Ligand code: NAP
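Below sits a lone chain in structure tokens, taken as the form predicted on its own.
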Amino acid sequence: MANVLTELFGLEGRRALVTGAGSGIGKGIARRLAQAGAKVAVCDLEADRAAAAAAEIGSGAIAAGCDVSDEASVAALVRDVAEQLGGIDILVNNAGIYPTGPVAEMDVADWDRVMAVNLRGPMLCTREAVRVMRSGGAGGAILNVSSIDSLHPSFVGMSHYGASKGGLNMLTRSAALEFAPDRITVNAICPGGVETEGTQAAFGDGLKDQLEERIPLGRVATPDEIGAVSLFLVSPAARYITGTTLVVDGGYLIT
């Protein structure tokens, strides 16, 4: 049984880059990939936070700082990670921001910043990583971390976030079609509520209780649970899955 599980879910010899991995969902994903045997590059806007997360994950994880919305920063990131790890087989586009604000009062700069990080960032990282994957000739796996807000608005004030993630879903499908001949799969996950450092403040205002009242499984997710689903979608077990958007919300959207 152990050999079968290793064959399906093991990532020995694979090189993974995870953005926004200094904390929260990204760190949960990076940890799961490392546990499965992958060499992982932990990327975060704050290099110190990336370094701390990489040290916590262990297993030879390396750290890198990057602003995913900046073209030159992304190009340098992918180049440096590919050099340090010897290539890139897996890319997880997790970096994202989620400020709140109603459309009627929204500053264009806030809208543009959300789009720059949540949508342009994954495009830039995908573009650069695919070039490395193609040069290796062995294919690869790309996973985009979207949101249930891309499918149904959860709360007033998240329109720019939801729109950016809706665009990410379409980027996922379009890239899956484009890169299929290269044996590069592209999928997305849509988490619901997840308890992270970034959501704790909002949850403190009673939002967590409101969410959990509606979630059939009765609670929000942990970053490690999102990491487990992510591991599946970049593992050999999912080699025939591409262009898929998988909801991971404890049943929230069926209520």
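Residues carry their position along the shown sequence, with the first being 1. Keep in mind that what you see is a predicted model, and the values were worked out from it rather than measured.
A second form of this protein, the form predicted together with this ligand, is not displayed here; the remarks below concern that form.
Student: Given that the partner is absent here, state which listed stretch (169-177, 127-135, 104-112, 90-98) has heavy atoms within 4.5 Å of this ligand in the predicted complex.
Tutor: After filtering at 4.5 Å, what remains is 90-98.
Student: Please run the contact check for Cys66 against this ligand in the predicted complex: heavy atoms, 4.5 angstroms, yes or no?
Tutor: Flag for Cys66 set to yes.
Student: Is the gap between Glu46 and this ligand in the predicted complex 4.5 Å or less for some heavy atom pair?
Tutor: Glu46: contacts this ligand in the predicted complex.
Student: In the predicted complex, is there a heavy atom of this ligand that lies within 4.5 Å of any heavy atom of Lys165, even though the partner is absent here?
Tutor: Yes, Lys165 is a contact residue.
Student: If you check in the predicted complex, is Val194 within 4.5 Å of this ligand, heavy atoms only?
Tutor: It does: once this ligand is placed as it appears in the predicted complex, Val194 has a heavy atom within 4.5 Å of it.
Student: Could you work out which of Val78, Val145, Ile184, Leu119 is the residue within 4.5 angstroms of this ligand in the predicted complex, going by heavy atoms?
Tutor: Residue within 4.5 Å of the partner: Val145.
Student: Spell it out for me: taking this ligand in the predicted complex, does every residue among Gly140, Gly227 and Phe232 have a heavy atom no farther than 4.5 Å from it?
Tutor: Contact check failed for every one of Gly140, Gly227 and Phe232.
Student: Going through 219-237, which residues have a heavy atom within 4.5 Å of this ligand in the predicted complex? Please give them in sequence order.
Tutor: Contacts from 219-237: none.
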